[in-house]
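Below you'll find only one chain, the form predicted on its own, shown as structure tokens.
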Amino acid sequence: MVESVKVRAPCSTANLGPGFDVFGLALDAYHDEIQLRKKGEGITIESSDHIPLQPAKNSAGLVIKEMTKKFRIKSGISMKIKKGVPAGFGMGSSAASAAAAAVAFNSLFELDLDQNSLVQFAGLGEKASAGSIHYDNVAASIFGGFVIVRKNPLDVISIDPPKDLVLCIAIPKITVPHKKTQVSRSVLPQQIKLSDHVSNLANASAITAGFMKKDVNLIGHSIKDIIVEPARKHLIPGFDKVKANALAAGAFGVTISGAGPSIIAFTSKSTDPKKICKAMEMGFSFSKTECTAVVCKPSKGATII
């Protein structure tokens, strides 16, 4: 009988420009690790990171709480969380923990749940940090690669990314507001022009085609969003300069990573990703903002280690 399980889940980027609340992409830049053990009574959380230790306020803890209730688990559960994904910077930090928790719980209690079910439970954990359920990041962290999320009923479509796709992420060193996702959603337009919707839909469709055809150029040059990005970019100091610099340095496309404030550039192995990172750092420096820029590639999903 399994008594302990450890799972590692990757960070992710959501939206990819025009695919708001629909697209997700797992990245190998950072990971969270969660270990579950059958022990004692109730749910206890241990971590050396600055995160809530009450299950109801922790994305992973909330997943475990809901799954324990759903499957009427009588055993106590001890959970150790090791955070590797920067929290609050648009890289699916809470989602990585939630995804790892769902996969670990499924293995520990031998539930044999399918991946859509795991995504459904992991999505519940997003309420702890984002205030509402979102599936794009958790789906990417569980499935790996590129995902398209359809809801009602939940149906995740997974596509393997091109092997030569490379991402550059610039993470600014700024203070992130409490409940950042709610803040970033509050600035979105409640009504949009039909022509803008058509434009975003065309680019989102082209991104999907790019992943299916393994065409990095098509993916990158379709990362164009005229609805969400313009509404949110003022929340990120120096956004326009960072984007312009990255494109000038060889990036195919640039946009906000998830709800931000990180900025992500899409390119390929045939360019110079480190040059793009340097250009993005210089872009932030124009607004007197330091940043950490990293080169990464698409990742596989949550795995038992």
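Numbering starts at 1 and runs along the sequence shown. Remember, predicted model here, so these are calculated numbers, not experimental data.
There is another form of this protein, the form predicted in complex with a small molecule, and it is not shown here; the text below is about that form.
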*Should residue 137 be counted as a contact of the small molecule in the model of the complex, where contact means heavy atoms within 4.5 Å?*
yes
_Although the partner isn't part of this model, could you tell me whether residue 181 comes within 4.5 Å of the small molecule in the model of the complex, counting any heavy atom of the residue?_
yes
*residue 185: heavy atom within 4.5 Å of the small molecule in the model of the complex?*
yes
*in the model of the complex, does residue 36 have a heavy atom within 4.5 Å of the small molecule?*
no
*82, 224, 127, 232 - the one with a heavy atom within 4.5 Å of the small molecule in the model of the complex*: 232
*State the residue from 236, 254, 259, 276 whose non-hydrogen atoms include one within 4.5 Å of the small molecule in the model of the complex.*
259
